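This document opens with one chain alone, in structure tokens, the form predicted alone.
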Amino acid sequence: MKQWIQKKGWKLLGVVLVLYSILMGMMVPLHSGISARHPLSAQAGDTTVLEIEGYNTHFAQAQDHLRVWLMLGDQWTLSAEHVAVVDERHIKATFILPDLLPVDQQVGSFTLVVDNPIDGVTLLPEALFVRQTQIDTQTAIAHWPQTDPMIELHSGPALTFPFRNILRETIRNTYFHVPMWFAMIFIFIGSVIYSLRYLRHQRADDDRYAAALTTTGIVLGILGLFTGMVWANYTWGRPWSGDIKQNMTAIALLVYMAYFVLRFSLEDNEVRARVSAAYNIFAFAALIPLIFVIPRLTDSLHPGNGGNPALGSEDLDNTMRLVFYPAVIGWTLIGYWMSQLLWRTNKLKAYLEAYEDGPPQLK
């Protein structure tokens, strides 16, 4: 049993983790959110009726406990005078805006806050821009309306993924696109290790392992690239926008594909193995700046590049981490399993070729 676990257990673990990430990634609902509002601006001192459209909300079911605020900064709040429920996803909130705002700017940016026991708290930053004709912060602070405080807010469902207006349901691609890239990096690291081992020990098996791992890494890279293009089509407006990360990724994959062009152009097995090992090390050395360095030096739409943060609390909350990290481990294990199957296939082909020429001798 122990031997079976050592030989097969990690494969089963990889399958279980990938299936788990797929099922959880597709079945866990998104947290409620605010997908639209109207109007976008108002004048200080006016009475404004804000039409709010929710996402995965239950406004009608929770209408007796529905609360709506406008929040200016971290301190100033203004509760709705009246909230009219249209249906589960639409409400109308009436606000009486004060004549002066407690900010030393002509325009104040209000965050919209909606709370109810079923959906919990939903926020929309910069939901309403209010223009004031004069600036008098001291008077505004002294006469700010005494409205309902934002207390006893509800948490909503325990297991949900965060709602992001630009992403919406495509946020689930986080469990496919990103883990495939992580797995690709780990697989390429393994291929470099075997290339170094070949250059040191001259064992044919190390060369076969390096080639198998490189093949799997390229497959994962292509899958990651195409899942990223699908994601970009929804979030950026088109599959390929010439973003620096997309361009550098395509170049990196072409560099790795040249590995096989070079490998298949050489007939002598030992020369092929040595040259391939050396080129594989070069390809990985080129991969690092292409993927991780150059995109950070210029503006980019892609998270993690051009000053755009990635995998922070705003992009990856604790619920997403429960799926994301198992997906990374699962795809890495599946990738290594694929490489092992390919290595066995190549070793069998070498065995059969050796058998045709005489007594089989495998290194």
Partner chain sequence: MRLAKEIWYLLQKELVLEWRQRFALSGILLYVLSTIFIVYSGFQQKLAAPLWNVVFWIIMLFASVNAVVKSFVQESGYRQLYYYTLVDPLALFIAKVVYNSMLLLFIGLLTLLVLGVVAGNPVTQPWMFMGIIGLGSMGFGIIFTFISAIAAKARHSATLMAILSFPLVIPVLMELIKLSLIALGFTQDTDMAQDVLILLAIDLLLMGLALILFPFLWRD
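Residue numbers count along the first chain shown, from 1. Source: prediction; values computed, not measured.
The following text describes the form predicted together with the partner chain, which does not appear among the structures shown.
Residues 223, 231 and 329 are none of them found to lie within 4.5 Å of the partner chain in the predicted bound form, as judged by heavy atom distances. Proximity of residue 334 to the partner chain in the predicted bound form: non-hydrogen atoms within 4.5 Å are absent; the residue sits far from the partner. Interface residue remark: residue 74 is not counted as part of the site for the partner chain in the predicted bound form, having no heavy atom within 4.5 Å. By the criterion of a heavy atom within 4.5 Å, residue 289 is counted among the residues contacting the partner chain in the predicted bound form.
Under a 4.5 angstroms non-hydrogen atom cutoff, the partner chain in the predicted bound form lacks residue 210 among its neighbouring residues.
Interface residue among 167, 244, 218, 204, judged by heavy atoms within 4.5 Å of the partner chain in the predicted bound form: 244. With the partner removed from view, the residue among 83, 118, 124, 262 that has a non-hydrogen atom within 4.5 Å of the partner chain in the predicted bound form turns out to be 262. Comparing 317-325, 59-67, 26-34, 293-301 against the partner chain in the predicted bound form, the single stretch with non-hydrogen atoms within 4.5 angstroms of it is 293-301. Looking at 225-252, the residues that come within 4.5 Å of the partner chain in the predicted bound form, counting any heavy atom, are 244, 248, 251.
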